[in-house]
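Listed next as structure tokens is one chain, alone, in the form predicted alone.
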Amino acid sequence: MAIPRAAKTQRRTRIQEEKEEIILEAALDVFSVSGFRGSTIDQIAEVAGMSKPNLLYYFRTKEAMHRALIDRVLFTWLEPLRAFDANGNPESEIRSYIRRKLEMARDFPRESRLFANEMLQGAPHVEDELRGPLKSLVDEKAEVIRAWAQAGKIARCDPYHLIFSIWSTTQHYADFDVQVRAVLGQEHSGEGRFEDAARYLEQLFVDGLRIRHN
């Protein structure tokens, strides 16, 4: 995990922690719009309302800010998957996972776009995380889904593509929010669109995984 420069030099004060949060909020604004390559330290300093030298005291490089944000996003984004309970009811677990992912799309759209930009650029800063901790977690939860299918609790499916499908359909509402609101129109593009999406996606995935008896 990326550590702010100030944290390496001395014990951080409350003011230093607040400054770091201001910088990271500004960096998130800039990175989520322009991507890593299209963003500059000067842009981030301007949004943060501080001088470039002052910003560089806390984060020495653009890469350090970006990595700190990506680390946060990965931790937050994967929390619902970590909570996926092998001993729970499969239908309830899948419904809960869909809803938590949609809540994150609603509450953290900038973070979602930041991560999407990183993936589109080939994941140059987080490939080690993807091949390591992320893969291990997905492997673990894929075995949970496979076990449910083997026990006759859900229909047989490819667990990896099930997880990928839930990721893509829920994060669509963050990454393509402008398109979603434009197509739905003013009448249907309020906060209720997330509840509408949750009901539809629950039906799509839960019905698709239900065992059919002839």
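Owing to the predicted nature of the structure, the values given are computational and were not obtained by experimental measurement. Numbering starts at 1 and runs along the sequence shown.
Below: the form predicted together with another copy of the chain, not depicted.
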Query raised in the report: in the predicted complex, which of the listed residues (Lys52, Arg60, Arg37, Arg146) lies with a heavy atom within 4.5 Å of another copy of the chain?
Result: Arg37
Report task. Give a yes or no for Met104: in the predicted complex, does one of its heavy atoms lie within 4.5 Å of a heavy atom belonging to another copy of the chain? Result -> no
Query raised in the report: Taking the shortest heavy atom distance, is Leu24 within 4.5 Å of another copy of the chain in the predicted complex?
Result: no
Query raised in the report: Taking heavy atoms and a 4.5 Å cut-off, does Val73 contact another copy of the chain in the predicted complex?
Result: no
Requested in this report: Using a 4.5 Å heavy atom cut-off, state whether Ala116 contacts another copy of the chain in the predicted complex.
Outcome: yes
Requested in this report: At a 4.5 angstroms cut-off on non-hydrogen atoms, which residues of 119-144 are near another copy of the chain in the predicted complex? List them in order.
Outcome: Met119, Leu120, Gln121, Gly122, Ala123, Glu127, Leu130, Arg131, Leu134, Lys135, Val138, Asp139
